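What follows is one chain in structure tokens, specifically the form predicted alone.
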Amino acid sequence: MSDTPHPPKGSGPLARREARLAWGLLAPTVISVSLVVILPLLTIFWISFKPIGLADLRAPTLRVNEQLRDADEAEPYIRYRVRNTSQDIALTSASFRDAIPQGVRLGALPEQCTFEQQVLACDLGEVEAGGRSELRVPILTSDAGAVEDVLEDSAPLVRVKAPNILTNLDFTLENFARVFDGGEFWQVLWVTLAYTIFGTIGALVMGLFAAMLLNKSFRGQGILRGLYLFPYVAPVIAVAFTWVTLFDPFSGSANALLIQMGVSEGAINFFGDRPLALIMVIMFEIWRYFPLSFLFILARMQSIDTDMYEAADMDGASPFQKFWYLSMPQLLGILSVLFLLRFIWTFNKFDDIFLLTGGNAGTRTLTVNVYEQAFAISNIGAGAAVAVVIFGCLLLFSLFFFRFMSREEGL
């Protein structure tokens, strides 16, 4: 038997203490990420399987409106108008309590009401969906003004039990069936993919060309770089309004210039005709977001060792050969990361398209569909179902990217 000592199995006390310390330091970050990202995502998944409309987000309750009325040739009375705010859900154990001023006596009460210690309590039991009722409580006092002042300063305390559609366990696949019903979804999906792919690739290519132009030092380089960043830093509302005004078919400068040059015989509705509207939206996406690619690519270009280019010049390499065989291998990493980020951001883009076309003329994407389902049609469940589809598409793209593309590019 050998006397050689063997290393201890498992982790020692110091390693366990370091692990606890590490988890303790990471706990605030993990909790913050869970609250900001994971919980809303789980909420969207939950809502996507429930038949929820926009009106269902407000829980049903009992609305009680009290007024002091003076009946003709009779004693004054307090009128309580009771209404169930929901047209679909019945309320159970409905009741309300109202404070009555000291010294004020009440007359014959409705059978569901009691009056003790200057507190009027009315038990209404079950109130059907959309149900309305009225209760009258006579006042046996001549000082009706005092009662009116108290009624204006206080409101009845309402208690009610009602099922909450957000928290119950009733689930349905109707939202997803509505999303995938017919050929509309696939058309919207293809528009989204075309907008995302061409917008992403166009922004990268244009950013690459801009970086190549400004990769050398010359007078006014800083000013030109600032001008290149203008589309990205300018407010999206301002630049979208500028584009819509510039290409307006009636008063736009672009149409006037094309007509004067003889290129077009009449006005062109750039943001209203298919497929021109989608092309214009893609061009806006490329123009607005190429500065981000330009910044990252230029920073990577300026970190490449110039000795390689000097050796290539001595060997007689052409500018294209230097770019393709020297620059591109060095830029593949940053281009890959930019493609991933820009693809995800463009796929989720909503404000650009909505401000330019409102999703009309063949520019309706999945994100615009979320808005239309949730707010235009008031179907929150269907909107959440489309959002889940968007998450699934981006998850599949991310898995494909990290499984194949990033491996080929050495990331």
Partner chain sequence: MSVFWRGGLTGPIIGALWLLVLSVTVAVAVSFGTGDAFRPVVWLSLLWGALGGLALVAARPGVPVAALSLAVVLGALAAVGFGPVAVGESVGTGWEIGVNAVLGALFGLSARVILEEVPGLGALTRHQFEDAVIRFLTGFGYIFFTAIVVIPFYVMVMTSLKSQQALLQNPLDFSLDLSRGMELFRSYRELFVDYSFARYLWTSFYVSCLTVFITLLFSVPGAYAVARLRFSGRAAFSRSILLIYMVPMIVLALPIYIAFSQLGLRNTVFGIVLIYPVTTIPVALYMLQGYFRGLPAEVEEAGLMDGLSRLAVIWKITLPLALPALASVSLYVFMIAWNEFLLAFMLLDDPSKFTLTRAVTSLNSSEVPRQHLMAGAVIATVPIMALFLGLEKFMTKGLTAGSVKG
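Note that this is a predicted model, so its numbers are computed, not measured. Positions refer to the first chain, counted from 1.
What comes next is about the form predicted in complex with its partner chain, which does not appear here.
Using a 4.5 angstroms threshold between heavy atoms, P156 stays clear of its partner chain in the predicted bound form.
Remark: A210 counts among the residues lining its partner chain in the predicted bound form, judged by a heavy atom distance of 4.5 Å or less. Heavy atoms of N348 reach within 4.5 Å of its partner chain in the predicted bound form, making it an interface residue. At the 4.5 Å threshold, heavy atoms of R225 reach its partner chain in the predicted bound form.
Only one of Q87, T172, S251, S303 lies close to its partner chain in the predicted bound form, with a heavy atom inside 4.5 Å, and it is S251.
For the options G316, P275, G266, G183, the residue carrying a heavy atom within 4.5 angstroms of its partner chain in the predicted bound form is G316. The stretch in contact with its partner chain in the predicted bound form, judged by heavy atoms within 4.5 Å, is 290-298, chosen from 290-298, 303-311, 78-86, 93-101. Annotation for 215-247: interface residues with its partner chain in the predicted bound form are K216, F218, G222, L224, R225, G226, L227, Y228, L229, F230, P231, Y232, V233, A234, P235, V236, I237, A238, V239, F241, T242, W243, V244, T245, L246 [heavy atom within 4.5 Å].
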